[in-house]
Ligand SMILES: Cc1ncc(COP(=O)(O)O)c(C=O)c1O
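Only one chain comes next, encoded as structure tokens, the form predicted alone.
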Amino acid sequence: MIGLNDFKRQWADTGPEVLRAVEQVGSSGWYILGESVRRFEQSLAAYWKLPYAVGVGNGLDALELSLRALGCGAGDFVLTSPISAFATPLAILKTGATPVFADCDRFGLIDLDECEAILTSRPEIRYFVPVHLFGHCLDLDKLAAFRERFQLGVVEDCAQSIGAYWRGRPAGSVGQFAATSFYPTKNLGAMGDGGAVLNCKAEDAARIRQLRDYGQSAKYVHDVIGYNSRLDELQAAILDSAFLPRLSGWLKTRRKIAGMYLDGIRSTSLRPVGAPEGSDSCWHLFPVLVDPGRKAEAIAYFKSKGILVGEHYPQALVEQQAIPDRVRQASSRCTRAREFCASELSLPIHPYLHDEEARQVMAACNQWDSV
């Protein structure tokens, strides 16, 4: 079966280095916030071309701590994307603030033209969490203009966009903070949970370090209410020595597969979404659109061909039952996002996908017209 990921192949490739990382941490006798975390933070910041990275427990915490560091809390409104993992609005809700969903564009990304209209008409919105979805990079020139014009606190959700660029500038370089996840399926995924906050100012990095560790400014000195959200030494060592050195190669493979799909899929009833002009995408996912009335049939069809496809995501966030009514009342109707989610499927794309398997996926796509 051709899957969305292949961790067995990844282990066959990385296993020896992973085990050496485990041995290194075990023999060090230091298991929390030690040298492995510090080394990885430095390596990640250098890779991302941003001055500071702070490891935290997971991607959700990376978003929430970033918002709290900006002062976001009860009574605030936060503009954000209508299509994302639930962690995006959940982080906002956990601060006590209210997410405000704008609609999406044809790529499933937040519609920046609609964002401009919302921000212009609603000065009470002081925070913005744009999501660089699917591995694409939003227009960073527009994000930078929004931040300055509307005096926004901006946290870029980069959980799917490490290695993505907008006209040579990395995703995550516009906001006060960029939040990312090391969930195993991410382009840089750990062997468990993890996350990081990236930023450009030393004082902001210090604030995140304080918040992640019970609000301490020194051992047993607690100046603020903080969290227990510390990237594990084991995960940091594995990421730093086994996975991050491979990331550029992994992204090259993702881009090659995406190019094969874009060139080779000729179906008239299964349409690749593609990437926005200006985005050098890292292709965390490869979304295609089908007739929503035939989506279940398409999933079963691909499975019969030995191919697993995903749904990212089957519902727009505004449709989720857990979303409070006050959020729906504050948000756009997100008509395009609802339609996109009803139609979207994700094809297999990962660093260990063989070319022949990619060709099998393309053949199945092109045969779908005759089903």
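Treat the numbers as computed from the prediction; the structure is a model and nothing was measured. Start at 1 and count along the sequence shown; that's the residue number.
We do not show the form predicted together with the ligand, though everything after this point is about it.
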The stretch from 156 to 164, 245 to 253, 68 to 76, 206 to 214 that lies within 4.5 Å of the ligand in the predicted bound form, judged by heavy atoms, is 156 to 164
So in the predicted bound form, does any heavy atom of residue 85 sit within 4.5 Å of the ligand?
yes
Whether residue 191 contacts the ligand in the predicted bound form should be assessed with a 4.5 Å heavy atom distance threshold; does it?
no
In the predicted bound form, does residue 107 come within 4.5 Å of the ligand, counting heavy atoms only?
no
Can residue 60 be called a contact residue for the ligand in the predicted bound form at 4.5 Å between heavy atoms?
yes
Consider the chain as shown here, without its partner, and state which of 80, 281, 181, 199 has a heavy atom within 4.5 Å of the ligand in the predicted bound form.
181
Option touching the ligand, based on a heavy atom within 4.5 Å in the predicted bound form, out of 313, 302, 48, 52:
313
